[in-house]
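Only one chain is included here, represented as structure tokens and corresponding to the form predicted alone.
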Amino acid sequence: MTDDSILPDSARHFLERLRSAQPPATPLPELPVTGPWLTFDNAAERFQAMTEAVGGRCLFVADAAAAEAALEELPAWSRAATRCSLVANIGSSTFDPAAVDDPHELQHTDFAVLPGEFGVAENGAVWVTDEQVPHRALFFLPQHIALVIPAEQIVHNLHEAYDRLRPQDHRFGAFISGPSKTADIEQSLVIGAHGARSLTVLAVQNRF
């Protein structure tokens, strides 16, 4: 703790004014452990709407073949010179990410198709881990990303989502909601400021 006696008079006076202006302490609210939490009539529709609201795209497809067809229709995928897929039967790869020693080399990846575990209807987020991904940088360095999730694995809210997390099972896990974006400068939204320029969620309705 700072010893005010060693401070100049002006600094000590400033700190005293700050302390005297502090609001009274307020106890934290008590939240029920089991809810009720926010739910939706149709969690899948809400998830799709929120994904689009945060700048992404969500496509519900019947199976892996339909997901492959949807991927082929994306201009960013068809134009990608360097791409990889870590989801079986969806997409193809021009290189093997597991053979890359330095994750910095992944900065030249145009498109990556990666697995997600589940989606969150409340905010359009997808929970991802490094279980099948050799470099966590693949979630952030490619120009474009597609996350593949089972359509049945969409929960209503983050409270349900946190109940499903198993942090002890993975070295890395994160929620990703839409492409990279920032609105810090003049409150102007910029997509792809420091990460993926686009993010597509492929929600597969039949197990893959």
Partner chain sequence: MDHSVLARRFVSDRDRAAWHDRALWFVREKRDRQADDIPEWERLRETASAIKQHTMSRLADYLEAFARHAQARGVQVHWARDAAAHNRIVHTILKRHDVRRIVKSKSMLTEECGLNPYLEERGIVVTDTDLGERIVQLRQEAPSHIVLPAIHIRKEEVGDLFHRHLGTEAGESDPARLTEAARRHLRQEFLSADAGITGVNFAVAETGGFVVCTNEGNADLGTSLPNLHIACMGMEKLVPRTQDLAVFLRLLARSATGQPITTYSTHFHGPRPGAELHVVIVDNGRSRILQSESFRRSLNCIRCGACMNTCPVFRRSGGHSYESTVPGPIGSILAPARSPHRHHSLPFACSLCGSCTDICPVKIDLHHELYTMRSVLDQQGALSRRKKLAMTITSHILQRPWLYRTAGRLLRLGLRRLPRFLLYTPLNAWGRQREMPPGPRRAFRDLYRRQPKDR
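Residue numbers count along the first chain shown, from 1. If you superpose the two forms and keep the largest set of C-alpha atoms that fall within 1.5 Å, you have the rigid core. Please read these numbers as outputs of a predicted model, since none were measured by experiment.
Beyond the structure shown, there is the form predicted together with its partner chain, which is absent from this document and is the topic of what follows.
In the predicted bound form, its partner chain lies within 4.5 Å of some heavy atom of residue 104. Proximity of residue 38 to its partner chain in the predicted bound form falls within the 4.5 Å heavy atom cutoff. By the criterion of a heavy atom within 4.5 Å, residue 150 is excluded from the residues contacting its partner chain in the predicted bound form.
Though the partner is left out of this view, residue 69 does not reach within 4.5 Å of its partner chain in the predicted bound form, counting heavy atoms only. Residues of 165 to 201 placing a heavy atom within 4.5 Å of its partner chain in the predicted bound form, in sequence order: 167, 168, 170, 171, 172, 173, 174, 175, 176, 177, 178, 179, 180, 181, 182, 184, 185, 186, 187, 188, 190, 192, 193, 194, 195, 196, 197. With the core held fixed, residue 41 shows a CA shift below 2 Å between the shown form and the other one.
Residue displacement note: residue 20 has its CA displaced by at least 2 Å between the shown form and the other one (rigid core superposed). Once the cores line up, the CA of residue 163 ends up less than 2 angstroms apart between the shown form and the other one.
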